[in-house]
Ligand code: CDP
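Only one chain comes next, encoded as structure tokens, the form predicted alone.
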Amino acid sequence: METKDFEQTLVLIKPDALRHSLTGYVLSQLSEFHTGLRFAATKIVKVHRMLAEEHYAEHKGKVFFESLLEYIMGASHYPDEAWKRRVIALVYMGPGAIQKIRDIAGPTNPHDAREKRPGCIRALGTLFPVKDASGKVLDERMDNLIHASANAGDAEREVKLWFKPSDLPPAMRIYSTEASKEHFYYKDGKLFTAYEAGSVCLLAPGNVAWKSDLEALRLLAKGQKAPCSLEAVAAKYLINEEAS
């Protein structure tokens, strides 16, 4: 089967799963179902704030947003052990990958998961109260062990947010790529096409990037509106960097 017939989906094994030593369990559940899916990429990620904000951009402005960032960044489960804060990010690939992984993960809400799909991964999760400074409960955060892309659009956005093309073997890249002809640098929320002291090189001539990222960078460099934010492109290049 050609790769054009495959789907890809992003899976994150979240800090609560790591904190409770459920990594092996999660991976075994994802493999024991014999779905025919393949690993296309995997990495251990120290999640920086920019990446967390972009991943949960749809929830920006909601009362639980800050708690959600602390959760995915690992601060909630490792408040005094920053060196343990990480997630395991994976790309699964194959026919029907998105729905197959979501079926294994189960409903987003752990209470629903236990009621409707006992035995699924998220049935082992919990709800965590979100409180204000006075201790008043404002909302709930779902500590549900695993993230799985919801649909094809989300999968493409999320795979491109967490992974560079070079993180995947060439034969497993299902999204369009292009070699950069320009330099692009990032510093303090700004994009540069020439080196600035303290800036991070996102791309140099010859580097292979997602075509959509390059198109966005070229528009942003001209001061024009792009389909995605600069941060959505830059975030992946700051993964596990000392400056992030």
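In this text, residue numbers run from 1 along the sequence as written. Because the structure is a prediction, the values reported are computed rather than measured.
A second form of this protein, the form predicted together with this ligand, is not displayed here; the remarks below concern that form.
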ask   = 58, 66, 196, 188: which sits within 4.5 Å of this ligand in the predicted complex by any heavy atom?
value = 58
Heavy atom within 4.5 Å of this ligand in the predicted complex - the one residue of 160, 173, 86, 102 that qualifies = 102
inquiry  = If contact means a heavy atom within 4.5 Å, which one of 140-148, 113-121, 164-172, 76-84 is the stretch that engages this ligand in the predicted complex?
reply    = 140-148
ask   = in the predicted complex, does each residue in the set 14, 71 and 108 place a non-hydrogen atom within 4.5 angstroms of this ligand?
value = yes
